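A single chain, nothing else alongside it, follows as structure tokens in the form predicted alone.
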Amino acid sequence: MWLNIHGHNVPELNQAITDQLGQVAHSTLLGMANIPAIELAEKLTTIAPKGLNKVFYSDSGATGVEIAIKMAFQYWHNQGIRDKRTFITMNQAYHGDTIGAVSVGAIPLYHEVFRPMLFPSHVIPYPYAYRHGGDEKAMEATLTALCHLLENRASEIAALIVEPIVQGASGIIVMPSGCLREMADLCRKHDVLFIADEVATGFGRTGAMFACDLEDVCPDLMVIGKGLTGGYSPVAATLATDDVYSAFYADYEEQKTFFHGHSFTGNPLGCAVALANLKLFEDRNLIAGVKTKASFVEHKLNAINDRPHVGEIRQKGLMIGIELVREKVTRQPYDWAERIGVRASLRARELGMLTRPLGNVMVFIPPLASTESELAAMTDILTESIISVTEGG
């Protein structure tokens, strides 16, 4: 879930790993290089938003986020600007479970116990239209808060980090159109770096290769993972612009190096399967297929839009969240202790489909390669499980 692109036991992906095993399983990037890592870096720069020309490998989305926030901090430090040391994040954001990633996270249930260990971040609202008066009001609240913060404190802020277009762990919250572009423009206006966490949204999930592409946004730093290897291997990367990179490029004596490394960074097996994964995207015209399948899923799920306990169906591409509510008109949520999402997911499991809820939100993020008949079967199970649990059917 969240990772799988082409399904399991994919011959092309299996072969890529097998072929690489016949050469070398791993060679560190610490002072060395390997061919799959070089070729993958080149490929990533051709498909990423414009300007992201440098690639720094890691092993997971959380680690990629750690790298991005450290890069943003040191970017200013290396230029002698020492006051820019804080970050902006968004309410209910999730960027991973390592300390830096948690510091720019904002889900109390996950993060509050670790508060004494974390560095503080500025929190602004993510535009949650269903709970905040519709798209226009939600977007206005977000942009007003961001604008006020930047006008007053940009001199101390290194970067803003955001899950572009879709905020995942908060319940598949979809941004109003144009919001991401406005946020990026405000950051650029106030000389604050813009970090896009595309770990969950990247590689076709939203109907574009990257969610930033939907609004032609070019971040200063972008974190990718999950679908990078088709769900086969733990490889992630942090992409940076030439401007960010140049802040670290200097004579040896200046010590502007980005001191961060991992033993398994740029693992050849993972990079080889990532290259094969991206080739399948092209060979199968997968992005166009996602758009077609997303329309099919939207049509199928329309059947439960009017059910008494379905509050909202949120969708962008093949990222779908169905918010279940106790009372449809007032939008009264179910109490957490009722575990309504867990119960509906367990019912789906009984009917033959594995999924996982986010509180009261049923999540549907199928493999991108799912056929129409498979999507029909999955949405039928999803529908039946929701009705069964919320209406006693």
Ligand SMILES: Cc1ncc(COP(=O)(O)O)c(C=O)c1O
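Note that residue numbering follows the sequence shown and begins at 1. Remember, it's a predicted structure, so these values are computed and weren't measured experimentally.
The next section is about a form of this same protein that is not shown, the form predicted in complex with the ligand.
Where does the ligand sit in the predicted complex: which of 196-204, 310-318, 179-187, 78-86, heavy atoms within 4.5 Å? Among the candidates, contact is made by 196-204.
With a 4.5 Å heavy atom cut-off, would you call D220 a contact of the ligand in the predicted complex? No, no contact at 4.5 Å.
Do K226 and the ligand come within 4.5 Å of each other in the predicted complex, heavy atoms counted? Although the ligand is absent here, K226 would touch it in the predicted complex, with heavy atoms inside 4.5 Å.
4.5 Å heavy atom contact, Y94 and the ligand in the predicted complex: Y94: contacts the ligand in the predicted complex.
Does the 4.5 Å heavy atom contact test between S345 and the ligand in the predicted complex come out positive? No.
T355, N34, N360, S60: which sits within 4.5 Å of the ligand in the predicted complex by any heavy atom? Only one listed residue qualifies here, and that residue is S60.
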